[in-house]
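Listed next as structure tokens is one chain, alone, in the form predicted alone.
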Amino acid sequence: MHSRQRRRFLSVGSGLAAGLLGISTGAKAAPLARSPGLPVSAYGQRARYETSQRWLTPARYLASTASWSPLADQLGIITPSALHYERHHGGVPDIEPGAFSLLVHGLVQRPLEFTLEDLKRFPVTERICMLECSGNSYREWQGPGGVDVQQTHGLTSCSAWSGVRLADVLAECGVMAEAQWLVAEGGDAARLTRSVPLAKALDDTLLVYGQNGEALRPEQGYPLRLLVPGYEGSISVKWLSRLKLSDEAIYSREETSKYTDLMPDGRAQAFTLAMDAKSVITSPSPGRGPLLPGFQEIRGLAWSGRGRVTRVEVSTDGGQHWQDAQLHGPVLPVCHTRFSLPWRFDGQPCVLASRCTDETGDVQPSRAALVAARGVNSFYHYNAIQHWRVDADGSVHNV
């Protein structure tokens, strides 16, 4: 290279480098560290400036607890494992994986006991899937109860799960023709027990040992949990220890005094397992600070236990008129789906709402329609349209 060409190359190169570093004239760069930062750590932590946390409901009993996921802070459809909602009936057990085993018995030809390593030898299956506690939004049965999205809708989360197909494990045991149900028992102090229809168990139910790229956390069932996609969260039994095939449901405590739906005529519906179409606007929403006049993007999450979300409509006048929102991919079955709609807040009071439709045609109902069908004595499976009132000063409230 001639000396003149070399000088020109060095001049252009140094200018490009300065531009990339943000130190060219007129550019304002982020402050650079003037001393070495923290050393590498064995297990990563989030930035100390990020403070999003789960909200803990007051425990009526020492070990019966729940934590609510901060949906309004969530980026994308995956909930960080540390912020995934929790529901415990007997506290969180400490189970050493080397001492773990899963017993499969009942109406099978070969009762077998599997270690965790045995299960990991089966072909691995991965699936992104949401879970929702059937008690999510339970306060809204009696009228506006939660002060923000976390308290109204935070008992749902979405993760990438890793494990094996339950059908593959049951095939090793040989399912008898008379088997109709699968009874799953947890290894917690409550020995939470749920009955799963065998058809669902053989369809898409998983035994999972991984969540979001690492082993399950203890609060999520380490070392093994059941994952029953689309069904109420408690049926995805955590700390799974036993599976018994039976010709009938067991009608456990969680299927009689709990997790049933009390109807207006006094009867209780049992095994209402699938979670219905549901959505909520996460921004603007209560607790996020006052809304400033001007352009806003209405954003939220929609989901259904019955399949993919196919449509989300948004209203800015309390449900009198609706507009189709944009769905943001990936739109996956039984997963959180993000939606948005451009909007301009003109400083006038208004009421925001969203309405979800899934691929089965299930449409999220109004509160009036849901109460007309179910009354107000239920605790579970509340999926009515959620309304946020925006006042002239930009404050947002649950109505």
Partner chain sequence: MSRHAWLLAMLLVACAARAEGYGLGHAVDAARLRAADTAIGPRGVELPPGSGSVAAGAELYGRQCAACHGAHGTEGPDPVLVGGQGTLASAHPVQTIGSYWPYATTLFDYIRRAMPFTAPGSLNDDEVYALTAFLLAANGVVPQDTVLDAARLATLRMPNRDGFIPDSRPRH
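On a predicted model such as this, the values are computed, not experimentally measured, just so you know. Numbering follows the first chain given and starts at 1.
The form predicted in complex with its partner chain is left out here; the points below concern that form.
The stretch that touches its partner chain in the predicted complex, counting heavy atoms within 4.5 Å, is 115-123, out of 284-292, 115-123, 78-86, 199-207. Using a 4.5 Å heavy atom cutoff, H105, R191 and Q269 all lie near its partner chain in the predicted complex. Distance criterion of 4.5 Å from any heavy atom to its partner chain in the predicted complex singles out D276 from the list E140, E313, D148, D276.
For the options R299, R127, K244, R225, the residue carrying a heavy atom within 4.5 angstroms of its partner chain in the predicted complex is K244. Using a 4.5 angstroms limit between non-hydrogen atoms, A373 touches its partner chain in the predicted complex. Although the partner is absent from this view, S52 stays clear of its partner chain in the predicted complex, with no non-hydrogen atom inside 4.5 angstroms.
Not displayed here, its partner chain is kept clear of I95 by more than 4.5 Å at the level of heavy atoms in the predicted complex. Though the partner is left out of this view, D73 does not reach within 4.5 Å of its partner chain in the predicted complex, counting heavy atoms only. Taking its partner chain as it sits in the predicted complex, the stretch 361-375 comes within 4.5 angstroms of it through a non-hydrogen atom at G361, D362, V363, A373, R374.
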